[in-house]
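Next comes just one chain, in structure tokens: the form predicted alone.
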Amino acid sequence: MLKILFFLSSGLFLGWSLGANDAANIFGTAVATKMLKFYTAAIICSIFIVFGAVVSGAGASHTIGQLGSINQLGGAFIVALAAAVTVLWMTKAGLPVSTSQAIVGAIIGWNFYSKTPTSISVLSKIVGTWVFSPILAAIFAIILFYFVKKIIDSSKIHLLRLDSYTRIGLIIVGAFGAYSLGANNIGNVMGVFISSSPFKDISFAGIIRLSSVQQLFLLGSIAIGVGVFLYSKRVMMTVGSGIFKLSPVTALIVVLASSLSLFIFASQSLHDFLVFLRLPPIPLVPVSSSQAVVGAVMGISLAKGGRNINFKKLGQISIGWIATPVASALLAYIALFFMQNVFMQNVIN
């Protein structure tokens, strides 16, 4: 049992890193605009991340499994550890990087080490969402901006009442965003352990049933919540005010737009509904919440004329996105060699 917990520790570390970094994408704008206190945001974020992961996390995780089916706990441990270290490194630099990119890079590193062919079709699907997700979030943000602006201008609502409504809206939309983050990104945290999961299905009083995968997701989502509390504030300030100065209302729009983008790529129900209508389904892929929120912020800036964008900060974030999968792949490859040849632990079945 201790050996199992040790191997799972890297997944929990990755969950902690995701919480430290990606929670900024949900509540960073609200905290930076002082509409919500940090600890209020952290509590709401943690609770709904757990719900999203356990209830709706299975869909997007399958795509990660198709990219590389890691069938030894030792290999899964190294892959998750390489991704976690990469995300932590970027987090310490204050950059909102993509956990999706980190875990994909680490899996490709494992594929190279194990001489397992990487599915180009699956990889292209994942990389395609990295491009499409921020564009979709930007489109949502532009549409929502003009819609909300029209409502505010026509209703002539008092500023104090608008402030109160915005704060309530940030809480509701933030909860939805946290749920979407848990559903979409828990596959990044625990997806590599699914093939070698040590847990058995359990039920409580014949009413609540937790599958082996759901138990993994529960552990991973709790680790994400711990990361939210302990280390996410700095990245929240980067996202919330580093790229483009947001008002409380535009902060609400950014959270909703990015959350919708995350939800679409994690919703099994939406996927099945489109299949039922014989329409092209949206792929169930763990997308980057960092890219989605940056896309939404850029959408707001474009809707307001494209002025006052901090291109230096945006450039730093873009470099982080490029460096993340490369660094994670190299780190995973090197660490797998040491795990197999120095610590004499099997990383390949």
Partner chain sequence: MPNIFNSRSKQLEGEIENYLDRVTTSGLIFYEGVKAYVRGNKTKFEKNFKDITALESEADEIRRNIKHTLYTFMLIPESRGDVLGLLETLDDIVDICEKVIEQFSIETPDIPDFLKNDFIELAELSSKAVDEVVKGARAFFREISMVSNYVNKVHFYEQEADDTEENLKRMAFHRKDITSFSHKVHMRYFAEKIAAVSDVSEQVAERLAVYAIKRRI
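Positions refer to the first chain, counted from 1. Please read all numbers here as calculations on a predicted model, not as lab measurements.
Although it is not shown, the form predicted together with its partner chain is what the next lines describe.
Asks: Identify which of Arg278, Arg209, Arg161, Lys200 has a heavy atom within 4.5 Å of its partner chain in the model of the complex; exactly one of them does.
Replies: In short, Arg161.
Asks: Tell me, out of Phe263, Tyr113, Trp89, Phe145, which residue has a non-hydrogen atom within 4.5 angstroms of its partner chain in the model of the complex.
Replies: Selected option: Phe145.
Asks: Using 4.5 Å between non-hydrogen atoms, is Tyr165 touching its partner chain in the model of the complex?
Replies: Result yes; Tyr165 sits at the interface with its partner chain in the model of the complex.
Asks: Do Lys149 and its partner chain share at least one heavy atom pair within 4.5 Å in the model of the complex?
Replies: Result yes; Lys149 sits at the interface with its partner chain in the model of the complex.
Asks: Examine Val226 and determine whether its closest non-hydrogen atom to its partner chain in the model of the complex is within 4.5 angstroms.
Replies: Val226 lies outside the contact set for its partner chain.
Asks: With the partner left out of view, is Pro248 within 4.5 angstroms of its partner chain in the model of the complex by any non-hydrogen atom?
Replies: Taking the distances in the model of the complex, the answer for Pro248 is yes, it comes within 4.5 Å of its partner chain.
Asks: Using a 4.5 Å heavy atom cut-off, indicate which stretch of 316-324, 288-296, 32-40, 65-73 touches its partner chain in the model of the complex.
Replies: So the stretch in question is 32-40.
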